[in-house]
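As a starting point, one isolated chain is supplied in structure tokens, in the form predicted alone.
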């Protein structure tokens, strides 16, 4: 089992080595003191809480820790784990390119091959191309069902929908496929929706905020969340497993952690607003998340120019959802209704 930090990583490569990835998005609402002792005060709560969780023994069930370079804070965490704290588990960094051109794909292929060598050394296994392709195709099938769930939200409440799709963070592909098939079979006509909004940010924690949106009369019709909508990986085409994995990882919707232009993100958000007939966008940001904060002013200006109202809420994952945040959500929904 591998504990995997955000955001993008090769699930299929880990599964080819019989390693089950379990994602660590914080976790929220834990005692972050152990992590804070090793990090600057301006490091985001996802990294701080993850380190605290590790040091408190929360990851003892895992055999590996995968740390993608999604941002400077996560890269710093990888360096701390490799050079200073040195946990029992092997630590595998993954340096993602900032772009999706041919040279970026080539760079990522080299990174994936290096990870293959590390995994082979750790597990004493060496899956061949056939095994890799079988694992890739299994993950592609799971991601096709994930995309279908995003398209057909049906009768699920916002809270239940995100509980469902976030199961992709820890279920093996075959388990998620079975779950998605069962849900899609049960889906009927869409339930009466509330005020439609698009949700953007990193992770919807605490999940009670989704219930608060519904209670306030809102409905999330699409999202640009790092843990959800930004990870709708397209199916691959290459017959080379490493290239196929690289193409899939870089084929996602615009993401600031992959160097996507702000203009591409704005166009993507406006497309979701139009398709979902949304009346506004809520940016739900983790404090000190630099990739998000750098884009936010220009995104909000672009939305305003297009006549789309937006709201920004900043949170620390260690805190419960505040009354202030609930009130601001209620006021925003009332304004755009």
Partner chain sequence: MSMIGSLQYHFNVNLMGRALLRINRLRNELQSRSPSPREHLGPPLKIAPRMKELVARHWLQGRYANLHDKVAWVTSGAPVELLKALDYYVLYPENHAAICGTARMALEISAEAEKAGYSSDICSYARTDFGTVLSGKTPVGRLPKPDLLLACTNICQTVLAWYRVLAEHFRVPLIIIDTPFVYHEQAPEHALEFVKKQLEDAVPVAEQVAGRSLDMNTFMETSRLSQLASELWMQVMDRNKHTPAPISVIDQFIHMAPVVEMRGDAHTVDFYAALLEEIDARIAQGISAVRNERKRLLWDNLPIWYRLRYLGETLGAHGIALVASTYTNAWGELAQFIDPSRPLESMARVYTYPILNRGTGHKLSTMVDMIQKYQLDGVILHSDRSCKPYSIGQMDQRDRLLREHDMPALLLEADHNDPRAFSQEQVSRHLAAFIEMLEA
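If you're wondering where the values come from, they're calculated on a predicted model, not measured in any experiment. Residue numbers count along the first chain shown, from 1.
We do not show the form predicted together with its partner chain, though everything after this point is about it.
Under a 4.5 angstroms non-hydrogen atom cutoff, its partner chain in the predicted bound form lacks residue 304 among its neighbouring residues. Under a 4.5 angstroms non-hydrogen atom cutoff, its partner chain in the predicted bound form has residue 111 among its neighbouring residues. Heavy atoms of residue 297 reach within 4.5 Å of its partner chain in the predicted bound form, making it an interface residue. In the predicted bound form, at least one heavy atom of residue 71 sits within 4.5 Å of its partner chain. Every residue in the set 40, 75 and 107 has a non-hydrogen atom no more than 4.5 Å from its partner chain in the predicted bound form. Think of it this way: in the predicted bound form, its partner chain has a heavy atom of just one of 97, 229, 201, 236 within 4.5 Å, and the residue is 97.
Proximity to its partner chain in the predicted bound form, taken as a non-hydrogen atom within 4.5 angstroms, holds for one residue of 121, 88, 103, 185, which is 103.
None of 202-210, 77-85, 123-131, 238-246 except one has non-hydrogen atoms within 4.5 angstroms of its partner chain in the predicted bound form; the exception is 77-85.
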